[in-house]
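Only one chain comes next, encoded as structure tokens, the form predicted on its own.
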């Protein structure tokens, strides 16, 4: 299960709106507790794909290392990644699984339809290595702060 604050959930969806018609991407920081990836912070990343940014994304290794160091400084881990699918379903593609390497992490995909965030789904990367990795549908629990309203 992915557990995320409503404000972070809305922020990653908004990121997809802002980058439309290109894919957005980012990193989910938090802790994995009893099989639940608990998000404490999201970090927007730049999409370095210049050849097909409308349907592919890439986070530069130097940026990912910076984000990982930022997480460690806060005693957090990378628990997932997110990206958008402009005018395409919020389902993983063959490219998404081929380029997913962080076993145990959540991979969140938001469909952005005509510039508006639509469906958001999460998939947990399972397996023991590259040869047997697979995505499993993952429920999302959205937390609303006490005193806040949707």
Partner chain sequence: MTNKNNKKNYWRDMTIHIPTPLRTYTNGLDSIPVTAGTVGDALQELVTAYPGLKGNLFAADGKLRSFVNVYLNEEDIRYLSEKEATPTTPTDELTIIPSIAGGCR
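Just so we're clear, the structure is a prediction, and the values are computed from it rather than from any experiment. Residue numbers count along the first chain shown, from 1.
There is also a form predicted in complex with the partner chain; it is not shown, and the following applies to it.
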Exercise. Report yes if all three of 7, 50 and 117 come within 4.5 Å of the partner chain in the predicted bound form by some heavy atom, otherwise no.
Key: no
Exercise. Could you confirm whether residue 81 comes within 4.5 Å of the partner chain in the predicted bound form, counting heavy atoms only?
Key: yes
Quiz prompt | the partner chain contact in the predicted bound form: residue 111, any heavy atom under 4.5 Å | solution = no
Self-check item: Contact of residue 70 with the partner chain in the predicted bound form (heavy atom, 4.5 Å)
Solution: no
Quiz item: Do residue 35 and the partner chain share at least one heavy atom pair within 4.5 Å in the predicted bound form?
Solution: no
Practice problem: Would you mind checking 14 to 35 for residues with a heavy atom within 4.5 Å of the partner chain in the predicted bound form? | Solution: 23
